[in-house]
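Okay, here we've got a single chain as structure tokens, the form predicted alone, with questions on binding and movement later.
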């Protein structure tokens, strides 16, 4: 089933709040990361794909800056010169500042946002928003920017302006994804390879929300930087954690105390898992891919300590019920669990897993499935 992007909602909201029809409509997808968690800002590979769920940004010319969304329908007056944190419009202002420094921003604009990407679920709703906004505003100013440039603008908006110490994975897949494919992105070199992914992937929302502009994610990134420094003091010459040979992990972890040793072990082993997963996709070996998903979750749970009890419950239950594999996706500390389910039993397993979660936590999780969709595009 193809899921239509919420173009009509964005267009209707723009017309209702601003009294005219938008000039430009652009959409970008949320993403599901199969493997490669917390490797992108450590110089390693990631293996995401674009969801069918998308964010649509509708824009039109204006003398000032103002924005609305289906979740916040009151008109928000924006001051791009004011650096704000903690509100969704901070992402829009960040994009405007980055575009402005590159001579790609209009003088003002009205923006209306509609999205089917769940916010705070580890599915990169923020990258979908910033990538779509970057192209929409640049197009409004008369510039046609390629996907690579839209991704770069969105990265700097989120990383430099909003203060999320993210890597480039989310923006890259939102801009450059290909339908029915996962994207192997080697962040250390910038190389992008597309691998076939025809299977439907199931998603189970833990209901636990996270915020990325502070707290645990930024702390983990700092811990990774310290871990690399400690490894270098022990004679390691790697320029990034992901470049450390897997064979050296045992000796390094024995010499580096917690939490830095386990953080190093996660990044290095996750780097190896991600490349093995890409090879499994290339050979259409879903059994191996599923096993690697489970191994990746255990590493997040124990070495990176970024899981949560709800996610652990879903992963363990999925495996018990016959899933090929499952793991928490996204930055962690809440969000969404992904699962590869055998096609002949996927509906049954999904329903039973939801009931098990309800028995444990008193509520049914939101459950849906998706195939790999396309990246950034203009909408009619």
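As the structure is a prediction and not an experimental result, all values here were calculated from the model. Residue numbers count along the first chain shown, from 1.
The same protein also has a form predicted together with alpha-D-galactopyranose (GLA), omitted here; what follows describes it.
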Point to revise | Answer option from 167, 106, 80, 262, heavy atom within 4.5 Å of alpha-D-galactopyranose (GLA) in the model of the complex | key: 167
Point to revise | Interface stretch in the model of the complex with alpha-D-galactopyranose (GLA) - options 51-59, 317-325, 28-36, 347-355, non-hydrogen atom within 4.5 Å | key: 28-36
Review point. Going by a heavy atom distance of 4.5 Å, is residue 331 a contact of alpha-D-galactopyranose (GLA) in the model of the complex?
Key: yes
Exercise for review: Answer with yes or no whether residue 65 is in contact with alpha-D-galactopyranose (GLA) in the model of the complex, where contact means some heavy atom within 4.5 Å.
Suggested key: no
Exercise for review: State yes or no: in the model of the complex, is some non-hydrogen atom of residue 217 no more than 4.5 angstroms from a non-hydrogen atom of alpha-D-galactopyranose (GLA)?
Suggested key: yes
